[in-house]
Each structure stands twice: as structure tokens, then as C-alpha cells.
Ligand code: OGA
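Before any questions on binding or motion, here is one chain by itself as C-alpha cells, the form predicted on its own.
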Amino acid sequence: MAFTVTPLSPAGAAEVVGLDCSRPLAADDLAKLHQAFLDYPILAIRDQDLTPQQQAAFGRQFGPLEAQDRSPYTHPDDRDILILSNEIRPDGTAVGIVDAGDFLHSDSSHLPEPCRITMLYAVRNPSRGGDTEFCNMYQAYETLPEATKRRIAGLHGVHHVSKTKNPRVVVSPDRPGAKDYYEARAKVVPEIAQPMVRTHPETGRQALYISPRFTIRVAELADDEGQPLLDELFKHMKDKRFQYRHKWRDKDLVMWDNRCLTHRATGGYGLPDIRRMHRTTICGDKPFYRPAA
């Protein structure tokens, strides 16, 4: 299958044209796409026409899919597809997750083995807004002062899924039952310590591995030292040099590498305008830090 890969941004995004993700890829094509993904950790694959089953099958070519624990928002045609949408049914229940990705984060970093790849398919785009903003965490790490690199080497950020445990975020009032969900998760889900600098297992490059959404403190430091350190790093991540803002087209399938990126949904739309995305995630492994030789 002939397809092209064209850079979109120096922050690590590229466009893929001519690929049909609705059917299995030949081994050579899969290898070429995988290499492109290591070179450009954000790939926007254009002009796809995918059923939920086809999207899930495409994802499985990269590894097992992460089980979705929010069953009310999975797709009835394939439970490995999570629906992200602002649609509300007449009975007041949500079709999908309304507030998904509303703060900068790396997917599943609150789990012992966070997902490796996220794939998001644009089923319906709003007439305005709905962009996704990415931060290249390779670049965020590489541009830190050397003193800061030495300071954070070997430190761990504590991650948690509940927004009620994190004063840097708020619970969206637009998602039915969100407050109750996060309060319940705060009681039963354990905190996870992840390396603040993560070594990519395939490229060997170092990436900053923290986020305002999930990282609530530094494990080895008291808050009077750890919280200012996190604030300093989060401020550094806002540098425009590391940013790519994806403006969605209909039938875009975007895949990104959670081992070296953070991202957020930028919003900017509201009912009756509808945004609907179908999401799959590929299982990953335990993050680690290996000092450079």
C-alpha cells in the first residue's frame, strides 16, 4: 500500500496520506508506519472510513488493547471502543465521556502500566473548536537546564486519577455524575509513583513524565519543595516550541505515543454543536528511567 508521511510540526507531528486502516496492513507497511511513529510520535492518518470493529482491529496490529473500565461509555458494537462526546440523551445521561482530556496529561499515567498508544477517530467534528493540543515531552526534557535535569533524575511523581485529589484541576459541571465518580475513585484507587524522567524503551530518548492532570506531588520531597518544582516544570511545558495543535478534519485517525507526549482537549464548542470521537488505547508497560550512558 503506497502511503506518504509528511511532517506537520517540529514538535513531532506528521500527516499520513494514502493508508487504508480498515483492512489489515502488510508486514512491510506496518513496519514503515511503526518507524514513522518512532520518528513522529503524533501521526494524523487522513481520510479513514472505519467501523468500531475496524478501528479496534487496526489498533490490535500494534498490540493488545487496554480494557475500558467505563462500560457505560463504550461502543455497543465493540467494547474496546470508548466514546468521547458531549451528546446528552433525553433522559439526561451522557452518550460518551463529556470532559475527556480537559487538562494536560499522558493517558493512563495513573496506572502501573500506562497505555502505550492512543488512537482517536473523528466521527463528528463541531463547527468550531474541538482541537487537541500536544506537548512533546522529549523536547521539554531536553531543553531543561542541566541543573534541573540532575535534580529530577531518579525522582518520582505521584499520579492519581481522581480530580478531587488534585488542586490544579476542576471537575467539569457538564459531565453528569462526574463529582460522584471522582470522589468514589479517590477512596478506592491507589496512588502510583512514576519516574519523573522516563526512558523511551524503543528510542532510548529521555522524556519528562509528569502532567498537571495526574501528577499530584513528588514522592521523595515534602510539598514545600516538591510543589514549587512541579509548578516550575509545568510552566516550562507551556513553551510554544514543544506544542502542536491538531485541528481535526472529518475522518482523521490520530495516533500518539503516550511515552513521550502529553495532550489536552482544548474545548471551544457546546451544544447543540456536537463533537464525537472513538478512542482505542494500546497496552503498555511499566515506565522506567535509565540514565544516559
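Predicted model only: the values in this text are computed from it and were never measured. For every residue, the number given is its place in the sequence shown, counted from 1.
There is another form of this protein, the form predicted together with N-oxalylglycine (OGA), and it is not shown here; the text below is about that form.
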| item | value |
| --- | --- |
| Three-residue site G101, H105 and D131 fully in contact with N-oxalylglycine (OGA) in the predicted complex at 4.5 Å by heavy atom | yes |
| H263: touches N-oxalylglycine (OGA) in the predicted complex, heavy atom cutoff 4.5 angstroms | yes |
| Partner contact for W256 in the predicted complex: N-oxalylglycine (OGA), 4.5 angstroms, heavy atom | yes |
| In the predicted complex, I216 touching N-oxalylglycine (OGA) (heavy atom, 4.5 Å) | no |
| 4.5 Å heavy atom contact, A207 to N-oxalylglycine (OGA) in the predicted complex | no |
| Candidate stretches 105 to 113, 136 to 144, 156 to 164, 181 to 189 - the one whose heavy atoms come within 4.5 Å of N-oxalylglycine (OGA) in the predicted complex | 105 to 113 |
| Heavy atom within 4.5 Å of N-oxalylglycine (OGA) in the predicted complex - residue from V197, I81, I117, L120 | L120 |
